[in-house]
Ligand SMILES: Cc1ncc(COP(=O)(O)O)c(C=O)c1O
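Only one chain is shown below, in structure tokens, and it's the form predicted alone.
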């Protein structure tokens, strides 16, 4: 991968060695330009007959189409909302009438609260919420434990494809197969996964899928995928005059953010430029282009991760949460750790003085933090890498952590 080319595409790239990518990535110039052009040229209500309104609708529609194509879905199956937490809340309200008192929903204590809290609230409607718990020694979810939770009353299983704390990848394809065999649906949080791997909802055979696009080089909006037949069945959450078959609008109160939705095509523009640079002359499909881009990205990210995980693993006073490996088949390069007897908040402050950006806390996965017994440290220290990070930045991260561990 041509790292210099990649870094030139991100204008926020500067002297800061930025390792809080799991909280939100930088955006490429292609996205910034599309937000700017929309607001300069088409900042009107879309869908009218006059030229700026027509162009506004075209830009929004094109971005929406490309987001669906990126996921290997149809545009009717994709909704752009304000956040993953809100998308899940709306989805939970839209489908709760499918469930009867005594029906069961399985959630985890691994997931970010976005794919957790809204489902747990359905206990108010006399649903039973069952918790798929991580192994406290490995911080992994184990399929055998899910098997014990599934019954003939299980209606929905909610799980993440990748933990935003441990970086460990769950085998969603295998989990989905088991959930469907039990007659239930599956809702997958892919927020911590999306920046690192190609996305394909049909290959995974999932029913609902969640992405925060600001963690995939886009603006601060989020995406919900749902199978078309399921979204048609869901109850309208929009105004009464929005038709029941008007999907996804009926599940998006107030409609999408216009300028940010219109800018999402800039994400694809970035990956297209990345692909042209590395694979000149190719006329492959978008899914193939994304796959080839992420093949290069995965190799680069593993090279970034290895010296960092080796450094942490060499420190007896450091506890890495999750798998102490850089193996891309097992994890993405998001690492969380605690230092025995130390407050996790100490470390980001020290590194900030040296131009290195990391953070500490529970990162909205407080149930996992509590389950692993690291709440006494004020959460974890987290360093998360993406493909625009450089080996030199990783060296700086290690050097300045070594000063204070």
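Keep in mind that what you see is a predicted model, and the values were worked out from it rather than measured. Residue numbers count along the first chain shown, from 1.
Just so you know, the form predicted together with the ligand exists too; it's not on screen, but the next bit is about it.
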item: Heavy atom within 4.5 Å of the ligand in the predicted bound form - the one residue of 135, 83, 288, 282 that qualifies; value: 83
item: The unique member of 172, 191, 105, 321 whose heavy atoms fall within 4.5 Å of the ligand in the predicted bound form; value: 191
item: Residue 265 within 4.5 Å of the ligand in the predicted bound form, heavy atoms; value: no
item: Proximity of residue 89 to the ligand in the predicted bound form, heavy atoms at 4.5 Å; value: no
item: Heavy atom of residue 114 within 4.5 Å of the ligand in the predicted bound form; value: yes
item: Residue contact check: residue 331 to the ligand in the predicted bound form, 4.5 Å heavy atom; value: no
item: Partner-facing stretch of 272-280, 72-80, 91-99, 210-218, counted where any non-hydrogen atom is within 4.5 angstroms of the ligand in the predicted bound form; value: 210-218
item: Stretch 40-66 - residues with a heavy atom within 4.5 Å of the ligand in the predicted bound form; value: none
